[in-house]
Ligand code: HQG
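First, one chain by itself: the form predicted on its own, in structure tokens.
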């Protein structure tokens, strides 16, 4: 599959597995899973046919590893705006994690910290490079350093999704180190 088709299929799946499953007539279970056969029938019925081969290629080659497949089912690894429980166990984080953002977001981050906004969790990256790529999606990236070890010691619960993204309910401003 060419790179453009791969990207288009991934975005389509992301929209429907994370945000609008009802738009194509699928129902995610409580943990965000849907049968692959049901998904493929639904996307075809809504004018966006995807073959099993294409789906397998998107899952295997997505640079962000957005999807997991297990026992004939598929789900997005994180980033849902619809109610799901990813059933991830709490995990002790490394001493520091990172968050990519842009300058326009800094005033509210200074005041309120990092909030999940329309998602279930705040997403944190394991390294500066990943956080830089995340921040660059919205403009010139700024990378924040999160005192995740201190947060954990203070009682904040962390999870790690199947693709290595760290998840937490909220990052208070006192645990955020701004650059410069």
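Positions refer to the first chain, counted from 1. For clarity, every value in this text was computed on a predicted model and none was experimentally measured.
From this point on, the text means the form predicted in complex with this ligand, which you will not see here.
Of the stretches 30 to 38, 134 to 142, 43 to 51, 150 to 158, only 134 to 142 has residues with a heavy atom within 4.5 Å of this ligand in the predicted complex.
With respect to this ligand in the predicted complex, the three residues 66, 105 and 113 uniformly fall within 4.5 angstroms at the level of their nearest heavy atom. Put simply, residue 165 is close to this ligand in the predicted complex: some heavy atom of it is within 4.5 Å. Contact check for residue 99: a heavy atom falls within 4.5 Å of this ligand in the predicted complex. Using a 4.5 angstroms threshold between heavy atoms, residue 70 stays clear of this ligand in the predicted complex.
Interface membership of residue 109, defined by any non-hydrogen atom within 4.5 Å of this ligand in the predicted complex, is confirmed.
Residue 18 is the only member of 7 to 22 with a non-hydrogen atom no more than 4.5 angstroms from this ligand in the predicted complex.
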